[in-house]
Structure formats: C-alpha cells, structure tokens
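In the form predicted on its own, a lone chain appears below as structure tokens.
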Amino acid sequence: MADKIATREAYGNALAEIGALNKDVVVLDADLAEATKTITFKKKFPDRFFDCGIAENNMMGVAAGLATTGKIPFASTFAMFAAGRSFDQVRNSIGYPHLNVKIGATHAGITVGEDGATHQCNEDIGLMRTIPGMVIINPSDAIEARCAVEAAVKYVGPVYMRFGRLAVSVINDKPEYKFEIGKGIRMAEGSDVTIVATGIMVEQALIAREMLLAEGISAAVINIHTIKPIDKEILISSAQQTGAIVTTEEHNIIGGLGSAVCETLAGVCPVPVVRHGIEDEFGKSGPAKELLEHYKLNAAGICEKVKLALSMKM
C-alpha cells in the first residue's frame, strides 16, 4: 500500500497536470490556496489563477461568468464555505442555468479537526443533492481524487467534488481500477450484508470486512464515489443478493449517502438499511484521528452497524 496522501493534495496536483493539457481550465480560490492546494496550479499558471479573496459568494458568481465564456472554472474553498455560505449563488448562478462550473470543496467532514464545528461541514452532500443537475463526487483516495478531476473536466455541467484534509491510504492502486461518473465500484464480494461506503470510509469498510470475516460474516463492499447520480443498478442488485445494507460516510446520516441509498431502495428492493455516520450532531474541536474514534467512524463502528443490520433481516 502506498504512502498516505490527502485527497486535497491530489486535487491540487491534478489541477496543475490537467491544466497543462487543457488551456480552458482556470482556477479560482478564496484566499485559501495554500490549504486547498490550488497553490500548485497558481505557481504553474499564474495568469489562469484568480484569488477572489474572502468573498466566496462573489467567487461563485465569477466562476459562473467565466463558464459562459467557454472556460472550465474550478472554484475552490473549504466545503463549509463552498456549500454552506455560497449555497444561494451555487443554486441560482451555477445550478439553475446548468453552467460548466466545477466546485472543489476541501476540508470536508469531521477530519478538519481542531478548526471545530464551525468549519467541519457534515451537511454539504445533503445541500448539494437538492440542487437539480448537480453531480456530486466524494473520492476515497488520491487516485480517485485525480480521476474525479479528469472526469469533471470532460463532463459538461456543474460538479461538486469533496476533498479531505487528512492524509489517507491509497486503496485504488490496481491496474483494473476504472472511474466513471455515476458508477459504483464493487470492492469485495459477500453474501450476508453489503457495506456501501463513500470517501475515506471505503478503506474502513474494507478493514471491517476482514474483521467480520473472522467472525463468520460475509460482507460485500461497494464504493460509491458518485453520490449523485447514484448507481441504482449496483445498489439494487447487491441488496437483492445480501438482503441487508449498511451505509458509511463521514457526513451527517441525514441527507448524505445513507439517505440516497434509502431513497433508491425503498420502492424497489426494501431491505433493512442501517446508516453509519455523524448522528445528526455538530462536531467538536480535536485531532482528526481522535474525532474519528469519538464518532465511531472506523472499522469497529461499521462492524457494530453490520450486526444491527443482520439482526433486522427477515
């Protein structure tokens, strides 16, 4: 397994690499280039980088304007500001006219750590899911983050990409790995339960699978990197095969992956679904790893939810 790298780091590197291949790619930031890692692009292409200052709402409007001229703007800031503070502009200036703007939202989830509840955005996926036509990608590692940027450039329309601050393991360094917007990835087969994971929880789901296997429980693992449009086919087929689902995400259990999976299965294949994530509460200030333990966003926490799901099977 390769060294750990934060998905925000991979985002910055990908922008610089892809920017060299596509002159229409421009990057905007809200005075956070060092943190969002768009500084890498800025150093390489200073004439295509725009620091909009601490004015995120205005930045979204500028990105929308650039998109109307044929540019492919990547508007970058913390998830709390991109999805929370700028929701009005993202909805009305980008989503409503379905403009070709890409939003790079870094420092998402609880792993912002010491910055505390005001900066730990555990609601952004829920907010972005409500905007018609918005594609939402939540990569699990650096490889998937780079693929997300590549796919976003090719896709015509608004895309919200969610990146983290914490360095995470590379888990997709396999020759057969293939990224496609709207297509989930079956990471492991299983017969008793399906663990549907997104973002940094995909690695924990794979660890949980091994722990469960030692107890005689066979768990399938699916990586849903695209929350919207979600891969209905892979979810329905796996629900039919295993009869129980556990979703896991570094996000509020309301409005995120868990909600999307429940909505997908309810009218087609209603099986027990147990949601694992932030239990509808605000975060706390503290080291990222300690916060993950506190909120049970780990393999052990997933195993608990799996056993609950199994107890609900008919």
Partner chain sequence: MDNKIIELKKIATEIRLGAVEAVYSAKSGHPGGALSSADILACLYFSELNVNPAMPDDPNRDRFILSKGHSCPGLYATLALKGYFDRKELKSFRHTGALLQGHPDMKAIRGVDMSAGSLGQGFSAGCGMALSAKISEKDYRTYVLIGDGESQEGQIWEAIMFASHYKLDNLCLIIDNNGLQIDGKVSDVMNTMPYESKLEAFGWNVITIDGNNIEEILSALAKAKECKGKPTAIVAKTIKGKGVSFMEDQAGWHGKAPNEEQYTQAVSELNEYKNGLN
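Positions refer to the first chain, counted from 1. Remember, predicted model here, so these are calculated numbers, not experimental data.
We do not show the form predicted in complex with the partner chain, though everything after this point is about it.
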(message) At 4.5 Å between heavy atoms, is D51 in contact with the partner chain in the predicted complex?
(response) yes
(message) G286 versus the partner chain, in the predicted complex: is there a non-hydrogen atom within 4.5 Å?
(response) no
(message) Residue-level question: is Y96 within 4.5 Å of the partner chain in the predicted complex, judged on heavy atoms?
(response) yes
(request) Please run the contact check for G61 against the partner chain in the predicted complex: heavy atoms, 4.5 angstroms, yes or no? (result) yes
(request) Given the partner chain in the predicted complex, answer whether the residues V26, N57 and D88 all have a heavy atom inside 4.5 Å of it. (result) yes
(request) Please pick, from L66, A35, V274, L265, the one residue with any non-hydrogen atom lying within 4.5 angstroms of the partner chain in the predicted complex. (result) L66
(message) Between Q241, T118, S218, N92, only one gets a heavy atom within 4.5 angstroms of the partner chain in the predicted complex; which residue is that?
(response) N92
(message) At 4.5 Å between heavy atoms, only one of the stretches 184-192, 201-209, 226-234, 96-104 reaches the partner chain in the predicted complex; which one is it?
(response) 96-104
